[in-house]
Structure formats: structure tokens, C-alpha cells
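First, one chain by itself: the form predicted on its own, in C-alpha cells.
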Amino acid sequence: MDDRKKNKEAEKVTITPSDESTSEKGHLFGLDETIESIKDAISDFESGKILNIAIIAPSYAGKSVLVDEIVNIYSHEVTKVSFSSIITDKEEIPLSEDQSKIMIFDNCHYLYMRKIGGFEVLHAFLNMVLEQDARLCISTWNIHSWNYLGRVLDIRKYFPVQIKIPPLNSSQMKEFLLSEYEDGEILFVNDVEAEDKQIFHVVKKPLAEKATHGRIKLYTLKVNYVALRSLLMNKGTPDETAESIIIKEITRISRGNPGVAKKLWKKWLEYPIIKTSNIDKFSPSINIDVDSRFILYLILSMGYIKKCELNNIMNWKCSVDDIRINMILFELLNQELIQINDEYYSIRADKLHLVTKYLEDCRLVW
């Protein structure tokens, strides 16, 4: 193996050996019960049970913070292997030669490609997991990849303990968002006059495409929750303050995802003031074709993916070549649904809720 290939593989896989803990920790809001569940599974392993663990989460939900906390707690007993790009050769899956009791494999959704013949590496990994009777394997997965693999490979049977990172509720979200500020530092202002705001808004979405390239439109009503809450507040619900309106709206839009919520907060905050009018905006509808939807799904389910990897997955479709993929990525960037950083495409945090809901409606994710 030449040095260039070795360097390329090193970029895809990072090994953190035992005794090396993570120095910087993030916020662990809402993860106390999750951490206790993982500790219980590790205790069961120590008592003789082999219960491999799968940690499942959408992008931005705090999976990395959770894994780093486990590494810190069991720093002398754990080796972490992190995948940062799609693995195409099963020989690239390392198994540390030390005798760490716990093996963490982070970002296991990089071990497959959603295409014909794209599961060889994943099958090799799953067989390796079954052979590790002297070690506990903890794996982490993007929730959309996990749901897909659960249906096509019944992957749940390899990891009897499945832990989904829970969304934050409104009170946890308030604590999370305000944790870096002093009491009273942020001023919440309700400047929305509900009577002058449209509470219901008609949205049309493409439901399907015909062979003629015509589209069937589905018309739905979208609710302006900020205006509705303001209306209710003005009608005699004094406990619904500007603060509670804004926190509840951020929690609803982000689906309790702390990373998404933080992005929305920073987008709407005009320090030290945040106004209800700042979030009184209708999300744009998404109107893209079938190929674009599938590429958007791939980006969502992988978290981060390079264009060359998209090419590799899409090469079975004769209608989708390199030029077509460039056009699709340009369109998705132009609609501000995705972003690019160091060659990796990802869903914009503030659009994660919109993209997920759209792909759910298209039945590409569930």
C-alpha cells in the first residue's frame, strides 16, 4: 500500500486509544438518563451479558458530546474508532490490538452505500461485532440510516441495546439556550400584533410526477404558531409570555434538537433582544425533482458527504451523471437547504426540520 493511499485512509478513520480522554466537553442537557442507560448496559456486560449498544440520533442532536462523555467516564477501558467518510474497503475497518474492554465505533452510517453492492463493508463490520465476545461494542448511527438499515438488514438484532438521544422539552431548551447568559441578560419582546398577522397560510407541495413531467399539487394549510400564540395571549392567557412563546417555537421547529435550536437562536437573536417578530416567518416550500430528493436524502442520512461519494452512489442511474449532480447540488445550495464545508455537503442546521418534514412527506424517510 503506497503512502498516498495510507494518508487517504487515515483521513477516513481516527482511533482514540485507551487512557486518552477528551479534554473539551459540551453541554449534556437532557442526556442524564441516556448516560445512565449506557452505564447500565456496560454494567450488564461486566456481569457476563453481551449487549452491544447502538446510539442513534439525527444530525446536530449531541451524539458527539454523548460519546465524548462515555470516553471520559471509561477513559482507561475504551478505544474509539471514528469514521469521517464513506468506507469502501473492509480492510479499512481497524480493530485495535490493545485489550480495551469497550470499543466505540462512531458514525457507522459511513459503512454502507445505498446502492446495489453497497453493503459489503457493513456486512464485514457486523460479522466482526458478532465475533467480539470479549468486548462490548458501542456504535453510533445517523437515525435515518439506522431506520433504513433496520428494514433492509434487520440491523437491530446486532445491537440489542438501542438508545435514541431524546429531544429537549421546552424547559430543558430554555436552560440550554440561556446557559451562557446571566439572569436577565436577554430581553424577550413580543412585538407581534396577532390581529394583523395571517394565522393560516396556504402551501402547495408536489405530491408526485407523471411520465409527462407534470406534477400533482397538494394544498395544505400552514399555521403561523407565533401569531396564534400571540392571539391567545391577548385573549386572556397572561402566563404565555414573550419568553415562553419564543422558547416553545424554537423547541417546536427544532423538534427539540439542541444543535438546530442553537442555530435558530443565533439567527433570530439581536443581542441582547430577541423578538417574536424575528421568528414570525413562513418556511419556504421545497419544490425539487425526484433525483434531487434522493440526493437530499443521501445528504441527510449521511450527515456529511462529498460529491465524489454522491457520484459513486448515483452511478447506477443512467440519467444522473457528474454534470447532473453538479446542477442538483447548485440548486440545493441556491435554495439554502444544504451547505458545503471542506468538500463535505450537509443539511443546514436551520433547515433540518424543513428538509426532514419534506422527505417524510415524500416517504423517503420515516
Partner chain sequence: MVDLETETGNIITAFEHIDANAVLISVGIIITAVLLSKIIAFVLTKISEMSWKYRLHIKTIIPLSKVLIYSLAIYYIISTVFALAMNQLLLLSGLIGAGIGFGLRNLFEDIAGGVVIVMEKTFQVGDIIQMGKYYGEVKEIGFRSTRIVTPNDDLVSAPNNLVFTECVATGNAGSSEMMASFDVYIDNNADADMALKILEEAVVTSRYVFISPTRPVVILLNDHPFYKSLKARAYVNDLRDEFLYRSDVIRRTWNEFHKVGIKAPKAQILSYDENN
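The shown structure was predicted, so the numbers you read here are calculated from the model rather than taken from an experiment. Residue numbers count along the first chain shown, from 1.
In what follows, reference is made to the form predicted together with the partner chain, a form of this protein that is not presented.
For the chain shown alone, residue 167 is not a contact residue for the partner chain in the predicted bound form, no non-hydrogen atom being within 4.5 angstroms. Using a 4.5 Å cutoff between non-hydrogen atoms, residue 314 counts as a contact of the partner chain in the predicted bound form.
Taking the partner from elsewhere, residue 114 is found to have a heavy atom lying within 4.5 Å of the partner chain in the predicted bound form. With a 4.5 Å cutoff on heavy atoms, residue 273 does not count as touching the partner chain in the predicted bound form; it lies far away. The candidate spot formed by 151, 291 and 294 is fully in contact with the partner chain in the predicted bound form: every one of the three has a heavy atom within 4.5 Å.
The contact residue chosen from 92, 120, 175, 240 relative to the partner chain in the predicted bound form is 120, the criterion being a non-hydrogen atom within 4.5 angstroms.
Stretch 143 to 151 is the contacting one of 181 to 189, 260 to 268, 143 to 151, 244 to 252, since its residues have non-hydrogen atoms within 4.5 Å of the partner chain in the predicted bound form.
Taking a 4.5 Å heavy atom cutoff to the partner chain in the predicted bound form, the contacting residues in 340 to 366 are 361, 362, 363, 364, 366.
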